[in-house]
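Shown next are two forms of a single protein chain, provided one at a time as structure tokens under the names structure 1 and structure 2.
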Structure 1
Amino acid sequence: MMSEVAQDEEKWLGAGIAGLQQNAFYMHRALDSNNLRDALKYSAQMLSELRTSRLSPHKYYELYMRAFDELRKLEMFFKEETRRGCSIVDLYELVQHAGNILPRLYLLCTVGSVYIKSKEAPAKDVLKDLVEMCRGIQHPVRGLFLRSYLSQVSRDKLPDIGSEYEGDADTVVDAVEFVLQNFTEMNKLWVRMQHQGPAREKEKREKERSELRDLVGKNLHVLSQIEGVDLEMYKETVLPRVLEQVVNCKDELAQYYLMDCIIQVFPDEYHLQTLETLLGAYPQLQPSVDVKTVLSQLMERLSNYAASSAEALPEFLQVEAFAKLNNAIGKVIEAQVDMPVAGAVTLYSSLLTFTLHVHPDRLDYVDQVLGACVKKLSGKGKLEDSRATKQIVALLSAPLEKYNDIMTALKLSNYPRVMEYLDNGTNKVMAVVIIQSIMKNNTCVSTADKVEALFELIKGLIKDLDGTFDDELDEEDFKEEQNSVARLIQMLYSDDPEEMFKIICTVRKHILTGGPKRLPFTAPPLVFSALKLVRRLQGQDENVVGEEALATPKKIFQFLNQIIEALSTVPTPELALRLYLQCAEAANDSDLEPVAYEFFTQAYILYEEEISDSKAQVTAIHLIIGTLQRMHVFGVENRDTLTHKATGYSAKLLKKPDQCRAVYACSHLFWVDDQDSVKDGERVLLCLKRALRIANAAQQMTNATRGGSGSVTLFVEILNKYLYFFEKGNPQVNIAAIQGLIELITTEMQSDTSTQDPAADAFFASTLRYIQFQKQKGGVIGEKYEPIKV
């Protein structure tokens, strides 16, 4: 059906163009022979093709443009005629004898253009005559194109200031009156289009009307180009007349488009000075008009104006722009009861952007906008409309981007209240935006109160808002979120130890609500923040601090113990063990022996009861040995207890090579360079001999199971330990033991059953080169190494 209509239209258009071209041909012939009467006859017949009602506006435009081109040639002919002595007044009278009104008016407009140019009559009289005569065409499409033609031919002949057509009788007021009158009539015709034809074709007609909107809008553009339209005239005449027409037409499409046109074509300073008048029209628009978009564009233009010109800022204060915009938005939302939440939030978002550009120092204005938004959202519950939530994120992000400081946002009482309306997913997105802002600007959050407020804002990342964990959340996304929280915890700092301890306690209160899945991410940074505080307090006399002080090393260590204990519910024993050992080392540096011993005890309990994986055990035992070796705070009894336990764990590891390495690592627990009290050569030797026995047993097991003697790597490693303690002056590690070990390794490597291991061979060769190098050094070291034969 539609294709048939389209084919018919093409056929009618083709017929119209053919008729137009035929008459244009005869018109040109008459023009060439200077036959005015025939030229007018054929031009009238040519223009009669524009009387059709069969074409859609799109097709009619094609026909109109062809006629327009021909009329340009006719206008040039009329100019030539006047130069040759033909009276323009007679010509103006003559064209009015055309039989049909539409061709008559097109010809009248064409001659009228030449008439004004001749200056034989005041421009205002000709313009008034033409605009009044055009009322003879009331068909919407034909009338719109006729008046568009009138606007086109007259735009450069208006009696504007500085124009050649300005005179005693012609003023800019006449030019404005002409354009306004033409605009009013065109708008009426445009609005009337919606009522032409059956109701079932309403959608099609609205589309056609939309295509013609620029014909009407051009009048406003012409008005904006008139030099004589100053602020006073715009305020007193132009804007009230245009707004009256916009409001009274009661048409959704016309109101939306024309309000947008007003904003776009007239200068920003005019909008600012007439803000009250302009904003007064918005609540009077039809409820279906998309006011939010138009009003948002107005605020955007004013924001850009403020940003581009510092001199303009006093004007904004003078006209109380914020109060007027805020009031207008309230009235629009009140008038449009069916406005969706997304629309209202968009308006407040635009108002907030305007406020941040124009009044960045007025936090009360910013909070007022957020408060108005909360009022609109109250009773709505969590928002599920994606457009609304997107606008709220934009609303909440704007202060962060403007001030580059979360501290400013924390001063806004309504900021967290707006966040309450975000769904869980968007709440997390906003929390990440807040954290990223802190990271980007390196913001230091330095008081417990601010930390409390901040963690209230980002609680979507700290805990499950509805009490249940979101199983659908991608594991990588979850890790990234929690890592961002961990980075945030590191940014919390105060120079005052008391305040810093309050901050740490506040963070603990929040992260403990996060459940077992989050604690492994959030507890470690908190532990290390507390340990930093401990190191700041080292050497501080507790008597000076006083009994009432919150931040003492002992109190902080009690706090740390509670945090790490919470990790045991996760369970992540390996992480908890590492943190206990870190705390033990900090207690060691603070000379708190009982505290350090307690942390080691907890680490040992975890090792015994929770860590069962053999690889995890190996890692854990080496961490324990390494930490214990650095401890200087323990007395003989405590150190012996812990060392004995560590060596016992080492010997009980599952794999022989792991046993061997852990046991020879324990030798360092009995010989510490900077502690004269920990230099027990005999026990070092016992560890090394025990390691040798285990290495030998490992060799025999390999031989039994695989038919070869296996690698000598363990023996070479033990040899290196012997050399280390030999250099350090351990009297129990002598030349004979080293020589015997070298010979043992050499024999094993030369054995027929030994497995080829290039890495072990290279390791042994490197060790021998080291011995040779030490010999060549001379001095005490050289003498020491001299007896060793390699």
Structure 2
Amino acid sequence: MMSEVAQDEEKWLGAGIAGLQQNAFYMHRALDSNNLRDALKYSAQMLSELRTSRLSPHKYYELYMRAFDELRKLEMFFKEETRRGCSIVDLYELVQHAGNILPRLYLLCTVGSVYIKSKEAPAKDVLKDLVEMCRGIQHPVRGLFLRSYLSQVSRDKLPDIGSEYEGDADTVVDAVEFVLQNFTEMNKLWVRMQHQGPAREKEKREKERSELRDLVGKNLHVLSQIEGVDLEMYKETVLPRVLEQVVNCKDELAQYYLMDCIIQVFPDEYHLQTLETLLGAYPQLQPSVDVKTVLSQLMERLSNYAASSAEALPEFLQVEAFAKLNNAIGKVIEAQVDMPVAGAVTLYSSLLTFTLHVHPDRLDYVDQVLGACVKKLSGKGKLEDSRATKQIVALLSAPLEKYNDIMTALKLSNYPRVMEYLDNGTNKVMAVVIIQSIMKNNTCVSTADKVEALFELIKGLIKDLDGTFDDELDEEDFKEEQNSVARLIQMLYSDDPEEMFKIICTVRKHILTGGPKRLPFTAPPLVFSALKLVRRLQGQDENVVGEEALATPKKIFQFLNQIIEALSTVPTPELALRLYLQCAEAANDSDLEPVAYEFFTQAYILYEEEISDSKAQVTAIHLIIGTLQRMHVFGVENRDTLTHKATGYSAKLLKKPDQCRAVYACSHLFWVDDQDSVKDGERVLLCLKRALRIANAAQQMTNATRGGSGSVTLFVEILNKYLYFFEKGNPQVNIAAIQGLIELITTEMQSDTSTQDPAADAFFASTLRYIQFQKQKGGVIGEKYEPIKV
């Protein structure tokens, strides 16, 4: 649906076009018959359509373009006329007889263009005359379009250097003077427009003014295209004159737009060489002008320029661009008291980008910018404005991206101070950005001091800030964050064991503040990092380690004990148990019996006191058995105590099948292949027999509850254990026992009541196949298996 106003406008435009076409038609006829008088009459009538006040700038432009095209034909006609002998001076006089001033001036400009081309008068005189005459139109829209017409038709006739219109009397100075004058007049018309008409239409007027802006700005484009405007002339004439207009017009829209135009239409070199003048204008602008955007655009342009060519860099240094920009920003922020924090941060962010591009080696500049930012932020508390925080993240990310190295950022004393002003959420985002940078670049953080600084920087992830805990926290986000911290811990490394130990201690200090939710994520990587260090120390000659050395395996194990203890109070006993066992194994490799024993004891205490879930118990007991089986450091006594306990735990599991499996697994605790001291065949057999009893009991229980016999799986599993020890030469495990077991299983399977269990059948069948296979092997093994009948 078109609004009524828009419909009306379409109607007016339609009527305007119709009137224009009608008069153009008669004008064409007059042109075809070389009737100058009629041609002037109808063209003037045609141009009268541009006298309308009813069209918005957009629609007016459409009408104007049609008139513009028609005037090109008239212009050609004028050219032909002069070729036919008509005096251009006479023509110039003649068109001034048109009744209305607007058509008269359009015609005058059109003839004027031919006049200049004829070179019968100096270009500058004609231009001066035209630009003065145009003062006759003070209606803003009409005046702006008329002057834009003048600008367009004179565009290629300016006495620029090297132009055919340059002469003794005409110089580029005249060309510049002409454009500047036209610009000044247009800007005045444009600025004045806001004061015309009723106050209630202010918004509409602002919109219309905004549409008209390019007509004014185009003059600056024309200036920039004049070849004779060299740096000298730009510096001495063009820029001061343009800025004078911009500052004095005291109009927000004009100031914002024209500053942007100046930056965009003139070349970078000019800006660099006139930085002081240009920047000097900023604090003089109206307080409502969005200076930060324009200033940021300037810095962005200069940054790109610096990045584009290495040859440009010395220029930047020569003019002390950084100092000037820094100074200007300070002044602008000072002058615009009401500038929102986001605005100020945007400015600093642009300046930082500029610095990183232009002076990548000047870390002090970077720190200076951050420091200025801190100053602006101080006393404001945490930022809550989302735009401002976004800008700060950009500000803080820039050095990371540039240097690809967090170590550089850590050297910036103001870096953490800026982070202080972020709200907790953004602080975390920034911390993740930092960790990602480390990951991406494989940055080596290799001293405890650096680690300290780094963890201080990312403390948003390490602990609850301000003691508040956000209940709304997204579980997945939290995991993601903590996993990234875990990865970071793995990245910290020093070749020097002493330093490495210090790093580990520093990390511990920080992660212990993280509370029960974070420790399960952060403690394991630290434990493994410390274990890695232990392994490194094992490779070293004992003597190398001095007496006062901190990093001895013993000390590290002590340290580990504390960490895991903290974890067990979280409580995550299962995780703690795994870590204790891991440590026990490491202590075993370090030949530290008491330490290994201590870890086992801790694991057992946890098992007894904290792990109550039956499934968790099963997992835990198998871990314990597995680890204990591999230990070789223990003397008989310690080993007995531990295996005894493990067997005891196994027999006390909740479910019979679990008991059975754990008990037969315990058999391995008494028979270790590569340890001659651990070959107790009798106790192996005891375990297996006990497992059989439990299997029996399990089956009976199934019989009682389900009315049918249970699966034979457990028996087959035990049979396999028998075969294992038989093969390993355990004298207690003999043919008769194996034979008996096979028969037992066969009978069970054939009984009517047995439950169908294809998996168990297959398992048994393949076990028998194995026996068969071993028999056929011949040799020692074959002989050994020979007596077994299947």
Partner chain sequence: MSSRRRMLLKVIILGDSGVGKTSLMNQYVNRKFSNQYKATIGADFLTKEVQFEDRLFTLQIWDTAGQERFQSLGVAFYRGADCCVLAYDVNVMKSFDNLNNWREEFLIQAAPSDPENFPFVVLGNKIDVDGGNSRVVSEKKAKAWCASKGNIPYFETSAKEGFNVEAAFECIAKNALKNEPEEEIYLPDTIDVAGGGRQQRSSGCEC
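Sequence positions of structure 1, starting at 1, serve as the residue numbers. Basically, rigid core = biggest C-alpha set you can superpose within 1.5 Å across the two forms. Just so it is clear, the structure is predicted and the values come from calculations on it, not from any experiment.
Structure 2 derives from the form predicted together with the partner chain, whereas structure 1 comes from the other one.
The two forms, fitted on the rigid core, differ between the two structures by 2 Å or more at the CA of K59. Relative to the superposed core, A18 moves its CA by 3.3 Å between the two structures.
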